[in-house]
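Quick setup: one chain, the form predicted on its own, written in structure tokens, and binding and motion questions come after.
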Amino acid sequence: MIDAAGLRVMKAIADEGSFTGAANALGFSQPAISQMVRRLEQRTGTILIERYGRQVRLTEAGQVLARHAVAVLAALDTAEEEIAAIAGLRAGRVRLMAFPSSSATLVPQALAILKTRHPDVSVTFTGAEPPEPLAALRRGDCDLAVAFAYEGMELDVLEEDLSMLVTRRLLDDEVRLVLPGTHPLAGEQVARLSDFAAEEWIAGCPRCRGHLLTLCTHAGFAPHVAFETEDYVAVLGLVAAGLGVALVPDLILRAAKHDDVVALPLSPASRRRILAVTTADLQRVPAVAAGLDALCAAATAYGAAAPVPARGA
């Protein structure tokens, strides 16, 4: 096998015209240069250097190696520089995928933080409903996913994937009951689901609908789901029009406001965990680690923000 060190020696001999000159150029001893040439001749199975006293010249095979060494070593130097830039965050790429409600709140703050801290890092972002971000992470189509799991529920991952994934808990997102401002119970301090057993309900994504069904079952009734939409702006519009009530997380209520609805905390409370997910190997990539740190910083800032108001959520 021809290695980079051997190519550097052949190029130096061609440039300097002697073992001594090559040794001085590369910072090696002359015996070390001779030994490297012999090793390279053993590996190639042919003579590379002709010796005439103190003078040396390259054989035809040696000239071939020296000629190709220029392009190969230039490519290696370029690769080393690019890798150094990535390691030093003067370059690099992170592919982020997140579920929609985080895409409107948490993710923009994180991307702004990342751009300020590391302006040379390239970021691509895609919003997708769960469980697509985790599926993309498994396929290698993204480096960092933002996912959520309701209390008592696990992430949408296969059992064999658990040991491969690294999760960072970003925040706990409270889920509230949203009802029309004209509803008789709109003035209550908290909402007990059993008080809304006769209401029509508006459900969100499949996982959110599953969460709704679970909570209502625990409250002793099966909800009548009249409308389903993954668009939370539409959910708030339907509620404001008096067409039903809905469970909406704080991440949504921070981003979408509607003066004609009221958001009440649940009793007992219900929350979902917001998680940043990557793999153990990707976590060691500088750009991915920087993206993860930015998400954590955005989550900290989000947690320090003012709470969601009850009316006009």
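Everything numeric here is computed off the predicted structure, so don't read it as measured data. One-based numbering along the sequence shown.
Below, we refer to the form predicted together with the DNA, which is not included among the displayed structures.
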| task | Would you check, heavy atoms only and a 4.5 Å threshold, whether Gly27 touches the DNA in the predicted complex? | result | yes
| query | At the 4.5 Å heavy atom threshold, is Ala66 in contact with the DNA in the predicted complex? | reply | no
| task | Answer yes if any heavy atom of Arg39 is within 4.5 Å of a heavy atom of the DNA in the predicted complex; otherwise answer no. | result | yes
| said: Although the partner isn't part of this model, could you tell me whether Pro268 comes within 4.5 Å of the DNA in the predicted complex, counting any heavy atom of the residue? | reply: no
| query | Among the candidate residues Gln35, Thr46, Thr59, Gln283, which is the single one with a non-hydrogen atom no more than 4.5 Å from the DNA in the predicted complex? | reply | Gln35
| request: May I ask you to choose, among Leu243, Ala234, Ile83, Met164, the residue with a heavy atom within 4.5 Å of the DNA in the predicted complex? | output: Met164
| task | Would you mind picking out the stretch of 271 to 279, 284 to 292, 255 to 263, 27 to 35 that comes within 4.5 angstroms of the DNA in the predicted complex, counting non-hydrogen atoms? | result | 27 to 35
